[in-house]
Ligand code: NAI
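Quick heads-up: it's one chain on its own, the form predicted on its own, in C-alpha cells.
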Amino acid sequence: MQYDVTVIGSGPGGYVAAIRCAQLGLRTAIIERYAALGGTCLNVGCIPSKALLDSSEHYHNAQHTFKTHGIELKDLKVNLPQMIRRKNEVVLDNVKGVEFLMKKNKIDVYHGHGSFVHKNRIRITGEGNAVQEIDTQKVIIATGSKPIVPAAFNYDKKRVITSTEALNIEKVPGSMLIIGGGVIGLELGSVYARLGTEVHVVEYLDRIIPTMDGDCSRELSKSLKKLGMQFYLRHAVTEVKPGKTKVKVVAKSRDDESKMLNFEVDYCLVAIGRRPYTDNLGLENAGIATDEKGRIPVNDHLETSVPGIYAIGDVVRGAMLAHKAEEEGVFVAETIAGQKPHIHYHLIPGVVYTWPEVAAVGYTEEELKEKGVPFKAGKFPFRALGRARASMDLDGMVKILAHKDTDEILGVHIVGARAADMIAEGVALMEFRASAEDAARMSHAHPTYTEAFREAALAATANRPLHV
C-alpha cells in the first residue's frame, strides 16, 4: 500500500495528526502496537487517572462534607473494584470514540509494532509475528513515552509499581510511598489518600511540583497535608526492596547524610518522570539518531534530520503533555500540506488534577526574577470568593504576574476549584498580549470561580482588589 502520510503511534498527538492529515486530503495510515487506540493518555494515563480522581473525590466529599450540606449517609464504604470497573468503562468509551474518528476520516489503521525498513517503508509486526510492509511519502513519529524506573528500584509491577499498575489496584492499600513529588505522583497519591491510604511522598528537591510557581507549590502542599499526605523533601531514595506483601524503602537526607528514613509500605509508586519511547523503531534504518536524553532531534518545523520524517509529542523536546502533542500533530499535518501553522510553546498550559487543581501558563515568579524582568504580582485567595464559600472549596488562589512597566500579563498561576478550566482565560489573554488592566475591565459572571481571576488582575494592575 502507498500512503501520503503514515503516523506511528495513536496517542493524542498521533491520532490528531492523522485526522488533520486526512482532513487536508492526504491518504493516511496510523500504526498502533497495542490492541486499543489512544496511547498512554487514553488507556493508562490522563483519562483513567481523572476517572479515579473524580471517583475518590466523590467518596471524600461524602465522608467529610456531605453532612454539612445536609446530606446524611449510613454505612459509607469504598467499593474499589467498582471504581476500577467504571474507570475501565470510561477508557473503553474514549477508545471507541477514537476508532470512530479513524473510520469517519477514512484513515487506515494497522495494529502491530511499526519500524523503519528505510525512510519510505514501514514494517508492521503483528500478532504471531505476522509481518506486512507499507510504503509512504511522509512519516510522523508519535510513539510517546514510558515511565522512568531505575534498575536499582527493583520494579516488579507487584509491590514496586508505576502509574500503570497504580490504576488497577483493587484493594485500598494501607500504606503507599511515592518516589517523586511531581504531577503524576501527587495525582495518584491524592486518589489513595482520599480513600484512606497512608501516603508518604519522597521528593529529591526542596518542594513539590518544583517546575511550577513557588506559591502554587506552597498552596498545594498545604491542601494535600490536610488529606494526610506526608512529605519528605530534599531526600534521595537509596534502597527499594520488594517482598511478598510489603516493600522496604530507605531514603537519605540531602542535608545530613547520616539521617536515614526507613519505610515499610504496601506499595512503592515510582513517579520520577518519563522517557521518550523509541524502542525497536528502526530509526537507524532511516538515518535518524537520538540525543543524550533519548529524544528525536527536530527543527522548527518538527522535521527530523531526514526530510519527510517528522516527530511530535513526548519523543521530542518540550513538556510531556497530551495537549502539546495534539498541537504538534496539527502543526505537522498543516506543514506537510503546505500551510504555515504556528505554535506558541510558552503559552501551552500545565495542569495538576489534584483537588484543589493547579494550573499555570507563562512565566513563574522565579523565572522572571532569574531573567531580571521587572514585574508586579496580583493575588486573590479563593477564601474571599462567594462561589468558593458556597461550594466549600476555600483552598487556593489566583496569581497574575504582569510587566511592571507595560502591564502585559506574563504569567497566570491558579490553585483552586476548576483551575484546569479557568486557565484557558489566561491563555487567551496572553495569546493576544493583554494587560492586567484588560482582564480587570472584563465582566465576570457572579458568582463564579473566575471572579478570582478578575480580582487578581485588579490586584496586579493597581493593587485595588474589591473583595479583600
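From 1 onward, residues are counted along the sequence shown. These numbers were taken from a predicted model, which means no experiment stands behind them.
This protein has a second form, the form predicted in complex with the ligand, left out of what is shown; the following refers to that one.
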* Structure fact -> in the predicted complex, the residue from E165, E357, E327, E187 with a non-hydrogen atom within 4.5 Å of the ligand is E187
* Listed residue that, although the ligand is not shown, lies within 4.5 Å of it in the predicted complex (heavy atoms), from H58, H403, R441, K50 -> K50
* Would A271 count as a contact of the ligand in the predicted complex, using a 4.5 angstroms cut-off between non-hydrogen atoms? -> yes
* Do Y353 and the ligand share at least one heavy atom pair within 4.5 Å in the predicted complex? -> yes
* Asked: Any chance I169 has a heavy atom within 4.5 Å of the ligand in the predicted complex?
  -> no
* Asked: Would G378 show up as a contact with the ligand in the predicted complex if we use heavy atoms at 4.5 Å?
  -> no
* Out of 73-81, 385-393, 361-369, 345-353, where are the residues with a heavy atom within 4.5 Å of the ligand in the predicted complex? -> 345-353
* Going by heavy atoms, what in 169-185 lies within 4.5 angstroms of the ligand in the predicted complex? -> I179, G180, G181, G182, V183, I184, G185
